[in-house]
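In structure tokens, one chain follows: the form predicted alone.
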Amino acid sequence: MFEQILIRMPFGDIVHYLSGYTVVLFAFAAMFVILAIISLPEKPIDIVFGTDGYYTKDVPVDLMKFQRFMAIACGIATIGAITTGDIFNFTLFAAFIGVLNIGIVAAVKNKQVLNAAFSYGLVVMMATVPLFAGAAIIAATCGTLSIWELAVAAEATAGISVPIVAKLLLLVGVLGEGMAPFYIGKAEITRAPGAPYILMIHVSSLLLFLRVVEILLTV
């Protein structure tokens, strides 16, 4: 791990860092934040069945502004999860990403989409239990939540410093927070007003999973 560190920002025992791996994740998240800032919403087109007619749906300005804000905030939270060197901060950013993803989905005033957002919200709330439980077990057994310190301890003890149950709980929690793309597919939100801002949901879920894999392999 330490040979790949490009940037270090120590704050006491918490060392925020960027490695070659997390720099790539950071670049992807930053790119999609910029796209969310400059993008305009797509106008859905409905075809009249049996004819050549079609009509477009205008996206309300307030909906566009809300979804854009939520997408940008989700991207910033994803960057925070990628760059943080603290397990507890990572769990906070992961929970924040889940809440923001609910907001992006629930902004669409459609019964089917809102039902999917409600179901995803229940999963997110349940996922916070194993997510924070994993961080609590790490703090109780290792005495620190610093990824840097845990990595040092893992090297000294051949990777057995963090209990396996804590790692599994973190993984389960992140999987729960990152379930949004499945509910998007269920609601077919890609055909609803709000694209391309919903792309941030897919990006944040993917990058969050890749980051937790890096953390679990490091500590």
Partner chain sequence: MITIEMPLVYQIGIAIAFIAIIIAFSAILREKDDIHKLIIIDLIEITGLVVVALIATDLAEALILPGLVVGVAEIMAVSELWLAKEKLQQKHSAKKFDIEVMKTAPPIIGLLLAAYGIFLTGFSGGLIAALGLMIFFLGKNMGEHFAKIENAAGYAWALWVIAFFIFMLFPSQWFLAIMLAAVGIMLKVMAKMSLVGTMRGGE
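Residue numbers count along the first chain shown, from 1. A quick note: this is a predicted structure, and the numbers were derived from the prediction, not measured.
Keep in mind that the form predicted together with the partner chain is missing from the display, and what follows is about it.
K.L.:
With the partner chain left out of view, which of L171, A153, M179, A36 would have a heavy atom within 4.5 Å of it in the model of the complex?
P.N.:
The residue from L171, A153, M179, A36 that makes the contact is A153.
K.L.:
With the partner left out of view, is T144 within 4.5 angstroms of the partner chain in the model of the complex by any non-hydrogen atom?
P.N.:
It does: once the partner chain is placed as it appears in the model of the complex, T144 has a heavy atom within 4.5 Å of it.
K.L.:
Even though the partner chain is not shown here, does V124 get within 4.5 Å of it in the model of the complex, heavy atoms only?
P.N.:
Answer yes; at least one heavy atom of V124 falls within 4.5 Å of the partner chain in the model of the complex.
K.L.:
In the model of the complex, is there a heavy atom of the partner chain that lies within 4.5 Å of any heavy atom of I82, even though the partner is absent here?
P.N.:
No, I82 stays farther than 4.5 Å from the partner chain in the model of the complex.
K.L.:
Just checking whether A77 would be counted as a contact of the partner chain in the model of the complex - the rule being heavy atoms within 4.5 angstroms.
P.N.:
Heavy-atom contact with the partner chain at 4.5 Å: absent for A77.
K.L.:
Considering only 83-104, what residues come within 4.5 Å of the partner chain in the model of the complex, judged by heavy atoms?
P.N.:
Sequence-ordered list: F88, L92, A95, V99, I102.
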